[in-house]
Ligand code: GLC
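A lone chain, given as structure tokens: the form predicted alone.
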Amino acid sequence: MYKLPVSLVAVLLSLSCLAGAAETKAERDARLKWFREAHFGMFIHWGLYSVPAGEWQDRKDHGEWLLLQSKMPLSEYAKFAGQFNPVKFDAREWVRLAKNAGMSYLVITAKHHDGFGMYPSDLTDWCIKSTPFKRDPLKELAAECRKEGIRFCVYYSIWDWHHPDYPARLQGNDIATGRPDKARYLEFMMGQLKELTTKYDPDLFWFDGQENGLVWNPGVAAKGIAELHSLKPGLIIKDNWGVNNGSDYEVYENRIPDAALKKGGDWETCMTMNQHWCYNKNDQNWKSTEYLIRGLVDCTSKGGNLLLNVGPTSEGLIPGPSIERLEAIAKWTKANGESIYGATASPLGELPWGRATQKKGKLYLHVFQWPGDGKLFVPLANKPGKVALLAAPDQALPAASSNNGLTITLPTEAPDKIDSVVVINLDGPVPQPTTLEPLAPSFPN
């Protein structure tokens, strides 16, 4: 079933000098520019695990880890390939939803831990070729993303519960024969990564599967990343081994850090809308639109990104509750996106009423808790220019400076119950972010 490419091991070993080649700060800044300005992306977990929709035997809480957690034989799991036929999949609609919500990039699972490729791989039949669905969803999504100005990115699991040569073979793998060969698996994996890079030209690789160095140890990772950069120099890498081993940024799963990271640190929070990454038809524990919008603002205020997940059905549909939330977020971003895209971290410390973001000459105040007395205090030493609601820029708000800061007089009612944004035009430079104390817990992490 698995077809090995021309050996890449020697190539990887020869790239050790590339792995250690120093990238200048200017080069790194240019490569990461779009990612730092984006702040909002769509994560898509989609694969064979969407067929059982979370149910197997007496359990209804399964997700994308079904194969491991259920301990079912791999031959049984493989039957889902014959049932995967997402005839309702519409790449244009998925990208439209993402763009409308204000998302700037899209990350889709090209291969999750079960090893199944969501694209027609030349190196194995354990991929979309083995399903009744003969189309290439990655190709269609990549084309739509480029058409709509969305960055196309792919998720790839280093773990592989199906491949016979992955060292940590599952007990339930009743298909594999012989002994696992780590070198052969690495060769296969790098072959697939090369396929994905050359076929779909992704802007970012989102690696997953922390496997304690069984295959992708720091040295191998650095060489592999160098190989990918040789194919596409501008590629951004999310890797589990940290920024000192070739990765470009850190990731937090379903949580947002308490404060901005050290100056210059790039990061992202990936977050589900309910309790599962993939489609689970019984999971109706949905996060509120308020939680998600404030999460986006929270990430931006600390210099990071929010990668918000959807789990499509095996028919190829994004669930209705996810669509409802994306459309509600879209209303907010259309009115307030200026305070997010291209913005940088807050220069302020604790803000008991919300968060702040900034751009050159502008400070954006995200007011979650509207003051009962109509007075918003901002610990800002700069002399302000015009102060107004972002949604009503022509109506100046009274603002009085003192030695302690700035007090803004607000309307009686908040124009947006989730997050009303006040913009302060500054005559001088916006203060640069410093090491921040943890922000007040107005957003539940």
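Sequential numbering from 1, following the sequence displayed. Keep in mind it's a predicted model, so treat the numbers as computed, not measured.
Here the subject shifts to the form predicted in complex with alpha-D-glucopyranose, a form of this protein not shown in this document.
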So, a 4.5 angstroms cut-off on heavy atom distances: do all three of 65, 253 and 277 pass it with respect to alpha-D-glucopyranose in the predicted complex?
yes
Stretch in contact, per heavy atom within 4.5 angstroms of alpha-D-glucopyranose in the predicted complex, of 39-47, 415-423, 24-32, 384-392
39-47
Would residue 206 sit within 4.5 Å of alpha-D-glucopyranose in the predicted complex, counting heavy atoms only?
yes
Given that the partner is absent here, does residue 270 sit within 4.5 Å of alpha-D-glucopyranose in the predicted complex, heavy atoms only?
yes
Using a 4.5 angstroms cut-off on non-hydrogen atoms, would residue 94 count as touching alpha-D-glucopyranose in the predicted complex?
no
So, in the predicted complex, is residue 113 in contact with alpha-D-glucopyranose at a 4.5 angstroms heavy atom limit?
yes
Which residue, 119, 155, 216, 364, has a heavy atom that falls within 4.5 Å of alpha-D-glucopyranose in the predicted complex?
155
Determine the residues of 217-232 with a heavy atom within 4.5 Å of alpha-D-glucopyranose in the predicted complex and present them in sequence order; the list may be empty.
none
